[in-house]
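The data below hold one chain only, encoded as structure tokens and taken in the form predicted alone.
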């Protein structure tokens, strides 16, 4: 028996993205570590990653992404926003939240909801799902979903296996009520038993018997790769079933840009054409939740993504967590 089709009376009305000006190239890492441009590109597909400047934090990148959305969508006005959802693994503070910082920066009414979510690389898809739920239950009409991370502040630059992977950036999407549903198949999940494969300690410094007081990002890449290959194809099947669609109905696949080789393997496993897959890994590295908007926004602005096309968004990563949906581009 098929699952009932899951949809929301909502659409993505506008998107924006931002990457800081500072850049770390593979050549920069050749001078720091026992590595090479050839080794990095062959194993990850990464050539550059953008890095926040001194004194620049996650909230600054979030604001820059929202400003980019506003600059490219002159008809959008934030005074119409009812709710803010921000996804980040590297907030400026434990509290106030990044969403509260944005509320204050844009002088939004105190009645605007402000929520931070900690869903790592799945944050953009999770945020869209939550926004669609809020709109679908008529609690609000417009939700601003923002993701931002300064991952380079949490990287161990003596660890060759992780130092070359991560970059900084921000992304934003305005989700609004639509009489014609345009967000489908919302699905999410978690596997806390896999948290030991990709984590960063905080107030608690022990995880699965390992003591790590560094509060730096730790990843067991091969284990994460296996988890993705074992779990994400099934998650995509669930999303498509809940959307009442098949893989052949999808025009663009937009997965989390963790590693180009992982994306290629995932495309082969599904199967889905790599030439219809959007990713941001080469220029920006792994930017966690920001990797999807950094891939999506350029494709929207250069005309590759067209109205009427269906996009499959799939986020996955630290925790371990996953979330996805199908978006009808309008």
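Numbering follows the first chain given and starts at 1. Quick caveat, the model's predicted, so the values are computed rather than measured.
Missing here is the form predicted in complex with a small molecule; even so, the following discussion is about that form.
- When the small molecule is considered in the model of the complex, residue 253 lies well away from it, no heavy atom lying within 4.5 Å.
- Residue 43 belongs to the set of residues with a heavy atom inside 4.5 Å of the small molecule in the model of the complex.
- When the small molecule is considered in the model of the complex, residue 34 lines it closely, a heavy atom lying within 4.5 Å.
- The small molecule in the model of the complex is approached by residue 261, whose closest heavy atom lies within 4.5 angstroms of it.
- For the candidate spot formed by 124, 292 and 329, no residue has a non-hydrogen atom within 4.5 angstroms of the small molecule in the model of the complex.
- Contact annotation: the small molecule lies within 4.5 Å of heavy atoms from the stretch 213-221 in the model of the complex, the single such stretch among 213-221, 140-148, 101-109, 68-76.
- For the candidate set 165, 186, 135, 240, a heavy atom within 4.5 Å of the small molecule in the model of the complex is found for exactly one residue, namely 165.
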